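The same protein chain appears twice below, in two forms, each given on its own as structure tokens and labelled structure 1 and structure 2.
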Structure 1
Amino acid sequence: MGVQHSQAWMALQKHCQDGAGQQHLKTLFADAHRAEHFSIELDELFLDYSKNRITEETLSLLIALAEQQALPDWISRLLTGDVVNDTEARPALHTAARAEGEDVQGVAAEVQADIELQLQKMAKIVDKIRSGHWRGFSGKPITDVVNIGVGGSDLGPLMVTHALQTIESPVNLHFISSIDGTQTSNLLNHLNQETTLFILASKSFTTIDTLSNAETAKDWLEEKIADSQTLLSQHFLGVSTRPDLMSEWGLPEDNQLLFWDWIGGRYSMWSTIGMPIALKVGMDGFREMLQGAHLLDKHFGSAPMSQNIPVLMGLIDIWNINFLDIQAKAILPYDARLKYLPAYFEQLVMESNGKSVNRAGERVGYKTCPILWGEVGPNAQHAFYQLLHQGTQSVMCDFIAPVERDDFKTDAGTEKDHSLRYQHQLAMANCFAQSRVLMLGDAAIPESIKAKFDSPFKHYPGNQPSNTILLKTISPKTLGMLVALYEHKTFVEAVIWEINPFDQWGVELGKLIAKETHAAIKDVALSEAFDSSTQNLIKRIAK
């Protein structure tokens, strides 16, 4: 029987039909203390979830659904290394990767030893590069490190190093991910073979995007380096679960960093995949990020559901998606350092929960993952906020912002410092104003200018639910907390939907068909096997 026929689900359906689903968000704010009741703080992270269309009764019914779905048991199964990824018969132990040697209940000691061993090996390499002792073929220190990877082998390091861009680093970090070669050609036109080191990051070590970019990088190095052993030992590192394939490719063992199949690709920045982060902020900074995530893990594993931040966020989105029928979610960071956060969450959430078959292999009879996208909030206000305010789509929004800009001097400083601080204040004002208007709609229009909005074209329905997450600052620690929060929120939703968030069978067929299509582009005769559209497209390319 699907969860939608369960007692707890039907109680929520009744709650929705009895009025909770029709009540406008603005009416809930008649309670002057609403925000206090629906806000929660953990260390340097604050969540205001009051602008959701929920009451205490809604929450208690959602928690009853979580209990019915045995969420607490699932949480402890996740954290203690149970086989929660059943279709691949694996645990999902990204939490062990950041436990920092602290004994993780249920996780074998040798697993924890392996994790620490690889982090130590990574630390040695990172320190050697950052201190200038890693030399290129001509004896010069490495100045530029290029991470070649895609998806979970790119987005985490890319997002975090960009978010921490104001932290001085002795080396420049670059990222090549797309198969088309644009990033590769741009970068290689500007870099110097003598001082450039590549990280070949690929969990499977079979991803054509990454391997083709790596071959192009190798060809570029060969323009200056005749000896392949020198080329590989001094200008390439590898990060993968496949030491056999890394060795086959030519990577010396000393240059190979490992992680394991029980770390999902989109959950892997805590492992050696996170090396670019450590190169950017040093191992101390990297470990601070791990500690931030670990703090969230301990909270997730111990806080009662009514005080558990990932549980609350996950359950509220279940209410939005499955009872209020809201099928879109916008991630809106109000700080351009978080430019890549939406892209990171797109993979984390939609590759985890973009599924329609439950753990028993049956097609589900309800909606699962919404369409998730996002953009730096202030910029998005000049791009798609029109739809949020006056479109026909209901959209859930997550506003994310730092309370302090520790990269802007907070003391008196120069006029520039004043104006930068002023800009941060403007960003915060816009962040809070937008969630207010999305919630209140027309009720947000000040009396003094109501006449100006007296037009059917200037009507604001409001009632769009949102969360606002405030981080004390943007730091390795708060980034670790934020990402772990969304990882666990995603897991909470998967448990309610009875789906496996840790596999990704949906990405395999496209890759296979691309191989056939590539062969037909090289030999057009083969395109006869395809539909007329694909045939025509191939023939145009072939010309």
Structure 2
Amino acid sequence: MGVQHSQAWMALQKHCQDGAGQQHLKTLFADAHRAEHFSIELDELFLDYSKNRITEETLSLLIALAEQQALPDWISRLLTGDVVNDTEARPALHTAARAEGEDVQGVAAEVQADIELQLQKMAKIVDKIRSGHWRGFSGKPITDVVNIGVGGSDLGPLMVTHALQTIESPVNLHFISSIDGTQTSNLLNHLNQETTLFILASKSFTTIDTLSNAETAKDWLEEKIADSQTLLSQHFLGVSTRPDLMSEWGLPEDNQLLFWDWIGGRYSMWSTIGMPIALKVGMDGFREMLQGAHLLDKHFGSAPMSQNIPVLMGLIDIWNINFLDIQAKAILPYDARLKYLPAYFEQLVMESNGKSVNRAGERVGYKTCPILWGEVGPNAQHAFYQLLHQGTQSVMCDFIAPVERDDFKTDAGTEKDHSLRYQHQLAMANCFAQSRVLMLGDAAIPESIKAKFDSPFKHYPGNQPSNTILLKTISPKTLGMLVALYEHKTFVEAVIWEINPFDQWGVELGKLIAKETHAAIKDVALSEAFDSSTQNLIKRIAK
């Protein structure tokens, strides 16, 4: 039948058509207590969702939809390790990778020993590198570590290490993901073979992008290192689900870290793929990140739906997408340390829910995943905010910011620089002002200057829905909470849409066709089986 024909869905459609879909946010804020009613706090994370076009009745109908779709049962299945990835017949156990003791049940509990074994092995390697005891071929300690990966093996560690840049680390971290060679060559020109270690991170250990960059790194090391065994044992680590392929590539067992096929690539930073994060903040800091995520997991599994942060955010997205017809979402962090957060969430959300077929293999008759994009707020304000304020499309926005900045203070607790405090206040002022204007439009303009805006070119319709998420600080713990929140919000949406968020067959097809096309570039005769456009493009490259 499809969820769009269900009783709960049709009740929401009627609610929307009866006027809820046309209401303006400035009218809803006639209720002086609205912000208090539509906000929620969990530990060091605060969500204000009052700037969405919802009422208590809207939320009640959305929760009825969630109950109809058996969301509580699906949450339990996810957290205990039932098979929720049905096209690949396996669980999605990323929550188990950050679980603790008695809080774990089912299959998730059974894998704890394997997880801990790898975390302890990772801890030994991390401590050896950070203490300067891991030496390169000439006996000098490693000073630079390069993570070679792509997608989930790159974006998560890159995002988190950049976000935690104010935490001092004894090693310099670098990331290579681009296959075109520019990123690799530019980086290697500034590194020293004697003191550089590479992490080869690939779930399948067959990804052509990653292996190509690894071969380039190996060639670069061979300029100075004649012995291949020394090169591999002292300058390479591997992280993968395939120990057989890591060994075949030449990596000794002591240099191999494992994770498992029940952790999807876009969820893998909680596993040994998070090695660069541990190198940045130490193993204690890495475990703090896991604990932050686990705190959110427990909340997701136990809080009633009306007080459940991922459930509320997911259901509000459903309302915006399927009933208000808003098909785009902007991620807007107001702290430059969160520069890579939009790109990380783009992969998490669009690779998970960018599906048009439900779990029964039938094409869906409704919109699923929104188009996600974003940028650090101050830069975005001078770029695409014009569209948000005066464009023809509605866009949902998530504003994300830290309340405090620990790096403004010395170890003694005194403030380093008053100008930094002023800049942070200015960033927060911009964050709150932008969400207010997107909500109220012209109504946000002070009476004293309204006459200057009496022009069709200076009209601001407002009514753009948004969430504001405040973190106490940017720390391993709060980043763990934030990422877990978006993971679970994405899962909530998938349950409502009746799709599997844990496979990515579109990505797999792209990899397969790329290999076939690469073969045709090396042997142009093979391109004769392709379409005329691809043939012509290959022939131009071949020349």
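Every residue number counts along structure 1's sequence, beginning with 1. These numbers come from a predicted model, not from an experiment. The term rigid core refers to the most C-alpha atoms you can superpose between the two forms while keeping them within 1.5 Å.
Peer 1: Please let me know, 1 or 2, which structure is the form predicted alone?
Peer 2: If we ask which form is the one predicted alone, the answer is structure 2.
Peer 1: Does the distance between the two CA positions of Asp18 reach 2 Å or more between the two structures, the core being superposed?
Peer 2: Not so; Asp18 is displaced by less than 2 Å.
Peer 1: Note yes or no: does the Cα of His33 move by 2 Å or more between the two structures after the core is superposed?
Peer 2: No: His33 shifts by under 2 Å between the two structures.
Peer 1: Would you tell me if Glu447 moves between the two structures by 2 Å or more at its C-alpha, with the rigid core held superposed?
Peer 2: Shift at Glu447: below 2 Å after core fit.
Peer 1: So if we fit the rigid core, how much does the CA of Ala525 shift between the two structures, in Å?
Peer 2: In the core superposition between the two structures, the C-alpha of Ala525 moves 3.9 Å.
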